[in-house]
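So this first bit is one chain, no partners, the form predicted on its own, shown in structure tokens.
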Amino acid sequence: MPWPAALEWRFPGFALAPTRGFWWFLLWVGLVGLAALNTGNNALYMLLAISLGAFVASGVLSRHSLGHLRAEATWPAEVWAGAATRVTVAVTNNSPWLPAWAVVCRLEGLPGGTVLPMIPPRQAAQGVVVTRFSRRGLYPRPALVVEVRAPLGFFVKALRFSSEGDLLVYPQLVAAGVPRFVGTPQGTRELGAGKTQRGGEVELLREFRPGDDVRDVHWKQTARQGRVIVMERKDRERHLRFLVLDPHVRDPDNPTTRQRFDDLVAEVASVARKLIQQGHAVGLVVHPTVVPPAWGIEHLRQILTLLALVEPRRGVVGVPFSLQGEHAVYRLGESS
């Protein structure tokens, strides 16, 4: 067991690690102490006493600062693999009389961090940690680690604030092309819960309600009446469209195959996001799960959630069953 871990009982809840400055300090103290003993110079004794006193004072002050800090992290609504994720951290200094200096915040196991230069006593400060996830999936929510080195930086003292729950990371977004739908189009009237479809004829003008698309705002009537007026459109006939992801591969344990499958998932997710944002109703099939065609942000999140969690499975490559209507099939080649 490393000696910092062996001393953990002296710092309950704290992590303690020496810095390079600590080892230089030990060398300095040894040389000054040896010189003072050999020469009997009072000035050297005073210098040695000041150095040791500064060491003790630094440890006491940094421990006091860290012991009065409380921190929490706020994650964005959507986290995408491979993309920069901005996490807001808020740190509160509950010390009644001392500020906290040079507080470093980072997320456990992830790159990135931020420094809060000074947190006044009984006040809070905010910062942003920019980090990223390398792969999609469901992760335990990373703990927030707060570090203090000031005032002299002989040790890095850290406090870990755990977070409840899991964090869903969506697939990486890529520049996906337009899918080539095949099959016989099957028309269907798509009815959304309280939502209308863009592109149909305007049926009436009414006051804005939560959930309405801001692109349907009638700006001239809004300016005239002094309230937000939207255009309600008639529902229109559209085709059933499915994105079909075949999760079967020959060797799911092969790292190259898994990377290729992740690339395929990223393409499907990007196509689904692009089509739904354009107002299309799109479904998803990942055997054996079928998500019926729909639109809207909640439907998109349902599709992205399924794609974030799908894993390649060993089996015969091919579409597991037929669909009525248009569909675009995504699967790895026979060489996978």
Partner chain sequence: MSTSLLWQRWLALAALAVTLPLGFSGAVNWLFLLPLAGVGLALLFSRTVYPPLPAWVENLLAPLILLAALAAGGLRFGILRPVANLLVLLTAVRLWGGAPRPRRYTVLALLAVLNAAGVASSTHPALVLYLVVGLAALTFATAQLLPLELGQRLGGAAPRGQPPWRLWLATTALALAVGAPLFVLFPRLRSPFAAAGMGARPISGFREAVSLHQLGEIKTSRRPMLRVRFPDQAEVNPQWLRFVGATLSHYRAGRWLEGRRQVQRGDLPILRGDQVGVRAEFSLEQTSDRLFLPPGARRLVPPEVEVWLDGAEAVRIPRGLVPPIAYQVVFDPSGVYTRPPGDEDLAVPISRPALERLAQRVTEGHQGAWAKAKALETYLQANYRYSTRTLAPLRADPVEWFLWTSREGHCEFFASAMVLLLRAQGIPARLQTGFAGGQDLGNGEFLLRDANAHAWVLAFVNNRWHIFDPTPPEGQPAAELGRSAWDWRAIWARLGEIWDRWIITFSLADQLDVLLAVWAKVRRHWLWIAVAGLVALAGVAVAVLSRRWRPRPQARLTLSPLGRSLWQLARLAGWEEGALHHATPTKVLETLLLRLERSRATCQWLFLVHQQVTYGLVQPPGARQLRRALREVRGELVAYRRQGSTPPPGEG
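Residue numbers count along the first chain shown, from 1. Source: prediction; values computed, not measured. By rigid core we mean the largest C-alpha set that fits within 1.5 Å across both forms.
Heads up, the form predicted in complex with its partner chain isn't pictured, but that's what we're talking about next.
With the partner omitted from this view, the residue of V271, L47, L306, V291 that lies near its partner chain in the predicted complex is L47 [heavy atom within 4.5 Å].
Checking R180, R206, R86, R160 against its partner chain in the predicted complex, a heavy atom within 4.5 Å turns up for just one residue: R86. The closest heavy atom approach of R20 to its partner chain in the predicted complex falls within 4.5 Å. Its partner chain in the predicted complex comes within 4.5 Å of a heavy atom belonging to A77. At a distance threshold of 4.5 angstroms between non-hydrogen atoms, T256 is out of contact with its partner chain in the predicted complex.
In the predicted complex, none of the heavy atoms of Y139 sits within 4.5 Å of a heavy atom of its partner chain. For the three residues V285, Q302 and Y330, a heavy atom within 4.5 Å of its partner chain turns up in the predicted complex in no case.
The stretch among 131-139, 258-266, 219-227, 244-252 whose residues place heavy atoms within 4.5 Å of its partner chain in the predicted complex is 219-227. Residues of 148-172 lying near its partner chain in the predicted complex, listed in sequence order, are R149, A150, P151, L152, the criterion being any heavy atom within 4.5 Å. A movement of the C-alpha atom of R160 falling short of 2 angstroms is seen between the shown form and the other one when the two forms are aligned on their rigid core.
Here N94 does not count as shifted, since its C-alpha moves by less than 2 Å between the shown form and the other one after the core is aligned. Relative to the superposed rigid core, A223 undergoes a CA displacement of at least 2 Å between the shown form and the other one.
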